[in-house]
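Next comes just one chain, in structure tokens: the form predicted alone.
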Amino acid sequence: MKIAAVYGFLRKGSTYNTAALLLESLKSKTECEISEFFLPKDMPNFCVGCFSCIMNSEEKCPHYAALQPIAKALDEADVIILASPVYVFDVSGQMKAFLDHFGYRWMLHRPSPAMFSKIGVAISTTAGSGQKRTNETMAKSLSFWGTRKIFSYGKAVRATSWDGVSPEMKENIKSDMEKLSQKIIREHKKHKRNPEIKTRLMFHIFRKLNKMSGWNKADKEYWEAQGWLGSKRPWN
């Protein structure tokens, strides 16, 4: 199993350790190849809103070189983990900047065919609350990228550091990650790996929009090249 984990932070606190427990549990059950990226170290740039990626090509993005190692890992992974602590009731600025750069991959534009067979996981922790909204932000991008199955896990740890988390809470998180790893492995082993109905419905809506309007030449040419405006689909 190939896993790509993108962390919206550098500090190895509760969110990092929660994701680490998930990875440990997965590694104990199956062979794993893991690629990890820490923001902003591995992608320090903010989207400048130039629309070059959407209207022309992602290669025209001024930060294309920094994005490519992560994009490659996402495309090759079976499981994508996005992890962010709660910052003012949402993802960290680093995670948001990362997600902004992949707007061109949203289903309306040019989703990667590889995404439609992947499992996504959104993880967040907080001292108080806001984990639901934080996970929704990450899950929304995973969904619009075409990810076929998405799991979310949020936890209010009632502490500002992993050292401050109670032993009981840590055991609870460890148990949750054990259960989540089992769900991921079961999903990965499924013979039929078509996306959920919601994802397929979105695909058909955006297919119709690209077929009828073609407002963005780059998008329409991409959909035509994939064969999606005809009978071909990015799943079996």
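Numbers for residues come from their place in the sequence shown, where the first is 1. As the structure is a prediction and not an experimental result, all values here were calculated from the model.
The same protein has a further form, the form predicted together with a small molecule, not shown here; the description that follows concerns it.
(request) Answer yes if any heavy atom of Pro85 is within 4.5 Å of a heavy atom of the small molecule in the predicted bound form; otherwise answer no. (result) It does: once the small molecule is placed as it appears in the predicted bound form, Pro85 has a heavy atom within 4.5 Å of it.
(message) Although the partner isn't part of this model, could you tell me whether Leu99 comes within 4.5 Å of the small molecule in the predicted bound form, counting any heavy atom of the residue?
(response) So Leu99 does not count as contacting the small molecule.
(message) Is it the case that Tyr16, even though its partner is missing from this view, gets within 4.5 Å of the small molecule in the predicted bound form, heavy atoms only?
(response) Residue-level check for Tyr16: yes, a contact with the small molecule.
(request) Evaluate Asn135 for contact with the small molecule in the predicted bound form, applying a 4.5 angstroms cut-off between non-hydrogen atoms, and reply yes or no. (result) Heavy-atom contact with the small molecule at 4.5 Å: absent for Asn135.
(request) May I ask whether Ser35, Phe38 and Pro69 all come within 4.5 angstroms of the small molecule in the predicted bound form, judged by heavy atoms? (result) No, none of Ser35, Phe38 and Pro69 comes within 4.5 Å of the small molecule in the predicted bound form.
(message) Please pick out the stretch from 101-109, 74-82, 114-122, 151-159 that is in contact with the small molecule in the predicted bound form, where contact means heavy atoms within 4.5 Å.
(response) Going by heavy atoms within 4.5 Å, the stretch is 151-159.
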